[in-house]
Every structure is written in C-alpha cells, then in structure tokens.
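Below sits a lone chain in structure tokens, taken as the form predicted alone.
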Amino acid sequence: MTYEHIPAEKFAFVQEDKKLRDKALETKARGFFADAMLRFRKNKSSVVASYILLFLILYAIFAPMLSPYSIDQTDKLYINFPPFIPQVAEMKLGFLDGARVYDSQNDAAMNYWRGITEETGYNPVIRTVGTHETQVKSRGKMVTRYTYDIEVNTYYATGIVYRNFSYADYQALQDWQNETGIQVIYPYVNPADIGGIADRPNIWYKVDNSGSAVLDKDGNLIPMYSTDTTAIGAEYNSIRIPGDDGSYVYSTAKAGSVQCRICYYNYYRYLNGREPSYLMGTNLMGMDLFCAIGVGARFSLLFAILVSAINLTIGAIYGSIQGYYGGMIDMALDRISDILSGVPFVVVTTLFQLHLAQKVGVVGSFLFAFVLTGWIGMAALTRKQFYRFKGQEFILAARTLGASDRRLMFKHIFPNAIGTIITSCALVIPGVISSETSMTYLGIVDLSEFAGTTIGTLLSQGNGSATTAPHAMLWPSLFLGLLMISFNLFGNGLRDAFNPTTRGVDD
C-alpha cells in the first residue's frame, strides 16, 4: 500500500500549537559515592561484617575503660580462672560461676571441699555431675567405693592460704576485720597436729595417716586449731571464728614477721575493695581477659592502620612513577620491587628485632619490617591503575592544554584510581593484624612492654593451658577470628562497591 491509499483524515499534527522543550529530570542525579553506597548496602554479608567490625572497634576502645581492672593489675593466685561474676553465680544459672569440673573425687576429697565450706562459709561445690561405683577388695571382703565428678567454683576452692605479714600490716588487717565484720584471718594450725601436713592450709581438721578426715561419732570434722600460746607471732585483738572461746592462736612468728592462715577470697576484698569479678576469666598472668583483649586489639588496630597509611603513601608514589613514565624507568623500578619481595618477612622481622630494635625500639623495628616490603603490593596496584587511565581522552586533553606531569599524575589520574586503592588498604589491614599476631604469638617480637599485651601474646599464654583453661584461648581466638572475617568481608564489599564497571547497575 502506498501513501495515496491512506485517507487524508489519518494525517494530523500530534502536538499542534505546542512548543517542544526538554523536560526536567524527575529524579536527582546520583553521585559516585552515593552509587557506591547503594551497591554496598545490597551486599548483605558486607553490611553485617561492617556492624560486627564497628562493635569490635568500640570494644577495643571502651573495654579497658569499663573494666574494673587495668592491664597492670594481676593476681598471682587467680591464674587461668574461668569467668566469674559473684552476683550471677549466686543465681545458679550455670554460667559465669567460675566452674571447673573435678572428676574422680573420693571421700577424702569430698571432706576436703566440705572443710573449706565449713571454715570459710564459701561452698566450692556447685553441683555433682556424676557418681561412679566401684567394687574393691578390703580385708578379704568386697567393699563398694564411690567417686564423684563435681563442678567446683575455683574462686571459692582457693580457700585458705598461708601469708606472712609485717606487724603493721597484720594489725591493719585486723582493723579492717573489725570495721567490716569480714573474717580474713583464721586460727593457725600446727602441721605437727595434722600428721605433719605443711602444704595444705585448708586442712584444719583431724586426719589419719593417709590424710583422710577423721570424723567424730556424729560425722563432724574435728578441729585441730593451735592453742599453743608460746608460738604466738603477734597479739590478736580482732573478731574470732564461731566456736572460739579465746584459746585459738591466729599467728606464729616467722623471721621478723608473722605467718597466719587467711581466707584468700576475703583477703582479695581487703586488697581491692571488691569481690573478684572477671567477665571473661583470667589468663596465665592473672590478667582480666576482658581488659587485656581490648588493650591488645587497640594496639593491633592502630598499628595496622599506621602500617597501611605508610605503605599507601610509599606505594602510591612509587607505583605512580612506574605507571606514568613506563619504559626503562618502569622496568628498573620493577626489578627493585622483585628483589625486595623475595626477602622473607620472618627473616626481616627477626634480624630487625636482634639488631635494629636496640636503636629504634621494638615497635620501631617492627614497623620498619612491615614497611620494607609492605608497599610493594600497593605500588603494583597503583601502577596498573596508571596504565589504565593515562591513555584516556581526558588525560590527553589535559596534556594538550599544558598540564605538567605532576599535575597529570596527582590531579587527574590518581583521583580516578583512589577508590580502588583505598579499598585495597581495607584489605591490607587484616593482613597486617594477622602477621603482627603471628610474630607475637611465636615470640619473635615482644610488644608487652610497650603495648601492655597483644592478641598474639594472649594466644601464646593461653596455648599452654588450652585443655585446663580453654577460655584463655577461646576469647582471644574468637575476637581475632571475627576481626579477620569482618575485615575481609567489609573490604570485599568496598571493592565491589567502588568498581567503576558496575556504576549505575541495579542488581
């Protein structure tokens, strides 16, 4: 059909008597960073990782402030003790009660725990986990013997310990007892009266030759407190335990001082003004792990950020020169990078700690070890970005207008590559933390004097007691694992978000 066959009424102006103009955009323009943030929010794993990372950073900042202890406050007896909060332990919820399982406890052991309970008022036995029955032959007859698996509050289980005090400190302790009504000093027990047992201060009752408790006809423990007044170390004028008619001796003389038996739990209250309270327990050094992990993480994060910033600066300048000029300059600089990248990091760190640390300090030499080769990856990334952008039209236009090499490099090319470079920095940080932790864990670098402690040091201290005190290894490992995973997921999310090839793409 030709146009002659089309009726005339079919022909009409669509916009007669109207002026055609460009319509205003109904949506706002979206900038580069807004577009990147939109893509980042669509990556759910990276968003979750960012929240976890924020929590860990806040923990590192505020945990040492919130803890009632400092990194220098250690306890020589509460070593590798489980998490314990007195108020929670009283509720018997099954956690934060300082519990540790003791298996195969016979009758003598059960009387030992009973002795601590009756003397101090603190019952170490939380509950009985299991009971075992065995048949043994005794004096020609088969006798049933029982052993028990029990959960014990390790803080209460410390019970009574021996301590030597000067006369002034001994009197000060008595004054505190009178003021608070809390019994710290307990009657002295002469080892000769309990079968020569001198290393068990919690045995205050009569025992037989095997060390088992001898009970009276009513099944009660028989006190063996000393009443020998000739051995008194110093006058005792404070509160006495129930049942004391004034005849018990509370101290004995020891080379210019007095020795006495004290309830360590109450003595801790005397020294610190509070009951022991450790949310994550203690480690091999008697540190509060809640505080120690925060201090160690704070150093690791700051150190990693500093290393990344230095390596970014060096690598960006080095890689810019390589990528912009190319040719022989690029080849020569690349060979230098190849030589340095072949040097083992562990060897560099060890040598620097042995020789350089004496001049610039442990932290300074450790920093140099990271900087010596750490910038190479950043330089390679920057070089690649420069090769990518230096042939673009806007660079050629700027060069035509007379822009200098310096301006072209750092005003035109580098800003276009900064997103990728900054994202790579976020991925470098966990690598630095991992390397720093490995070096301190292996003992190649000791940063305790400068930083107080590090995550690697805490892991090393917890490694030797992983079976008896797993919490000392668990909490630092959990923190480090979450930190590494979160940083990597967060960095991957940034890398995808700042990828210019996905700009404006809706998933």
Partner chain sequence: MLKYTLQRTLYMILVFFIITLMCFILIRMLPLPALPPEDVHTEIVMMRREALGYNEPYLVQFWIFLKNIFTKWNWGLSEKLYYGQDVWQIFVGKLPATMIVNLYSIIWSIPVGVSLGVFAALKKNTWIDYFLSTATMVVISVPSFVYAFLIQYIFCYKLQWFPFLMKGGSDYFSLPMFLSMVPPVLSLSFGVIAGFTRTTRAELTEVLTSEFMLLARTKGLTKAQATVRHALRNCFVVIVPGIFGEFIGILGGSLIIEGIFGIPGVGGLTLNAIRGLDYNIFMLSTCFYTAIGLAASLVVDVSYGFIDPRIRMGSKK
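Numbering follows the first chain given and starts at 1. Keep in mind the model is a prediction, meaning the values are calculated, not measured.
One more form of this protein should be noted, the form predicted together with its partner chain, which is absent from this view; the next part is about it.
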task = Mark Y441 yes when one of its heavy atoms lies within 4.5 Å of a heavy atom of its partner chain in the model of the complex, and no otherwise.
result = yes
ask   = Contact between L66 and its partner chain in the model of the complex at 4.5 Å, heavy atoms?
value = no
query = Wondering, does L459 line up within 4.5 Å of its partner chain in the model of the complex on heavy atoms?
reply = yes
request  = Give a yes/no on whether P344 approaches its partner chain to within 4.5 Å in the model of the complex, heavy atoms considered.
outcome  = yes
ask   = Within 4.5 Å of its partner chain in the model of the complex: all of A99, D107 and C260, by heavy atom?
value = no
ask   = Which single stretch, out of 279 to 287, 378 to 386, 90 to 98, 433 to 441, brings residue heavy atoms within 4.5 Å of its partner chain in the model of the complex?
value = 433 to 441
remark   = None of R335, R145, K254, R407 but one has a heavy atom within 4.5 Å of its partner chain in the model of the complex; the exception is R335
inquiry  = So its partner chain isn't shown here. In the model of the complex, which residue out of R127, H355, K411, H132 has a non-hydrogen atom within 4.5 Å of it?
reply    = H355
request  = Would you give me the residues of 248 to 279 that have any heavy atom within 4.5 Å of its partner chain in the model of the complex, in order from first to last?
outcome  = none
